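In C-alpha cells, the next block holds one chain alone, the form predicted alone.
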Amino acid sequence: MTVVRRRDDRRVGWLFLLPVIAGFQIFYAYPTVRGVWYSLTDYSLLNEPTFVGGDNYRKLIGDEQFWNALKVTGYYVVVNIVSQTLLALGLAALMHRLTRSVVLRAALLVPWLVPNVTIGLLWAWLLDPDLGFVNHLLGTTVSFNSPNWAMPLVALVNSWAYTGYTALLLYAGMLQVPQHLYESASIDGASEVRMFRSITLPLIRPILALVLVVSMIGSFQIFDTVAVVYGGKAPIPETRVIYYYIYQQAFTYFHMGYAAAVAMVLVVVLGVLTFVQLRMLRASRSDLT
C-alpha cells in the first residue's frame, strides 16, 4: 500500500512572506520603536538626544495648542466621515439597484486618483476670495481663511476626493448580498428604502465597519490639503490639525522629542477608537452566514 504524503507549502509561504515581513520591520516596526525612544528624550535635530523620561508627556497635558489641534482634527473627522459615508452609501445603492456601468465606476475613481496636492491647489483657486469660480457662482465669499468656513471646506474637499473610492468598496460589498432576498422582499411589497434598511445595511456591516475604520484613520492623517491650501503660511487655529501640529513641532521649532510624544499619543487614540468601532459594529460577524 502506497502512502501519499501531503505536500508541505509552509516553506514556500514563508519565502513569499519574507519581503513583506522585512518591509514591515524596516518601515514600520523600527520607526515605531525609535519614535517611542525619541518621545522620552529632548531630541531637537541639532544635538544628541538626552533621556528626560515622561517630561514631554507631562508638558503635553497642559499644552492648549495640542488640545486645540486634537479638537480641530476630531471635528474634521466627524464632518468628513459622515458626509463621505452617507454620499458613498447613496452612490453605491444607486449603482447596485439601478446601473452597473463600468464607465460610471471609472468616473467615480477619477478624483481619488488625483494627488491631494493637486486637489488642494485646485480648490484653493476655485474658492479664491477674489477670483474663485465657486464664489462667483454663489455671489458670496466662501474662503479657507474664514474661521467659520475653513474646516468644513477642508472636510468637504476631501470628501469629494474620496467618496467615489468609498462608494466602490461599499458597492463591492453589496454585490455579495444574495439577489433572491431582494426578489422576495419585492414580491412582499417592500419599497427600495425598506430593502436598503432591512437587507442591504445589515448584510454589508463588515464592509461598512472596514470602510469606517479606514476612513477614520485616514481622516486623522489629514495634512497635505491644509499645507497646500495655506501655501506655506501657518494655518489659522481652526485648521491646525494634529498632523500639522506635529510637523510644526518637529521641523519648524525642532522639538523632535515633543513631536514624537504627540505622535505616540495619537497612536493610542487611534488604537482605542478603532477597537471601539470594531466592537460596536461587530465587524467580525456577518449576517450572511
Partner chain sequence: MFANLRPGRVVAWIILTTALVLTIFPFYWMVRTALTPAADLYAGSTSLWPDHATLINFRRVLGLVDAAEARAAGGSGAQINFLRYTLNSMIYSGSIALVQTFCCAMAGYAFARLRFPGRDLAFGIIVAALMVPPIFTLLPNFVLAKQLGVLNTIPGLVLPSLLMTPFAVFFLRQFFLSIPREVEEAALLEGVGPWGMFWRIVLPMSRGPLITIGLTTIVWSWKDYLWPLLVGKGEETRVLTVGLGVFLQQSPNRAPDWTGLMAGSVLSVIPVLLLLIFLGKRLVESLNFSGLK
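Rigid core here is just the name for the largest C-alpha set that superposes within 1.5 Å across the two forms. Positions refer to the first chain, counted from 1. Given the structure is predicted, the values throughout are model-derived calculations rather than measurements.
Although it is not shown, the form predicted together with the partner chain is what the next lines describe.
J.: Among G62, W67 and Y75, does every residue place a heavy atom within 4.5 Å of the partner chain in the predicted bound form?
T.: Not a single residue of the candidate spot has a heavy atom within 4.5 Å of the partner chain in the predicted bound form.
J.: Scan L104, V82, V142, L201 and let me know which has any heavy atom within 4.5 Å of the partner chain in the predicted bound form.
T.: Result of the distance check: L104.
J.: Does R279 make contact with the partner chain in the predicted bound form, using a 4.5 Å heavy atom cut-off?
T.: No.
J.: Whether A250 contacts the partner chain in the predicted bound form should be assessed with a 4.5 Å heavy atom distance threshold; does it?
T.: Although the partner chain is absent here, A250 would touch it in the predicted bound form, with heavy atoms inside 4.5 Å.
J.: Verify the contact flag for L40: yes if a non-hydrogen atom of it lies within 4.5 Å of a non-hydrogen atom of the partner chain in the predicted bound form, no if not.
T.: No, L40 stays farther than 4.5 Å from the partner chain in the predicted bound form.
J.: Spell out, yes or no, whether the shortest heavy atom distance between F196 and the partner chain in the predicted bound form is within 4.5 Å.
T.: Because no heavy atom of F196 falls inside 4.5 Å of the partner chain in the predicted bound form, the answer is no.
J.: Can you list, in sequence order, the residues from 98-124 that come within 4.5 Å of the partner chain in the predicted bound form, counting heavy atoms only?
T.: The stretch 98-124, when checked against the partner chain in the predicted bound form, contributes L98, T99, V102, L104, R105, A106, A107, L108, L109, V110, P111, W112, L113, V114, P115, V117, T118, L121, L122, W123, A124 at the 4.5 Å heavy-atom cut-off.
J.: Comparing between the shown form and the other one on the rigid core: C-alpha of V272 shifted by 2 Å or more?
T.: No, because once the rigid core is superposed, the C-alpha of V272 moves less than 2 Å between the shown form and the other one.
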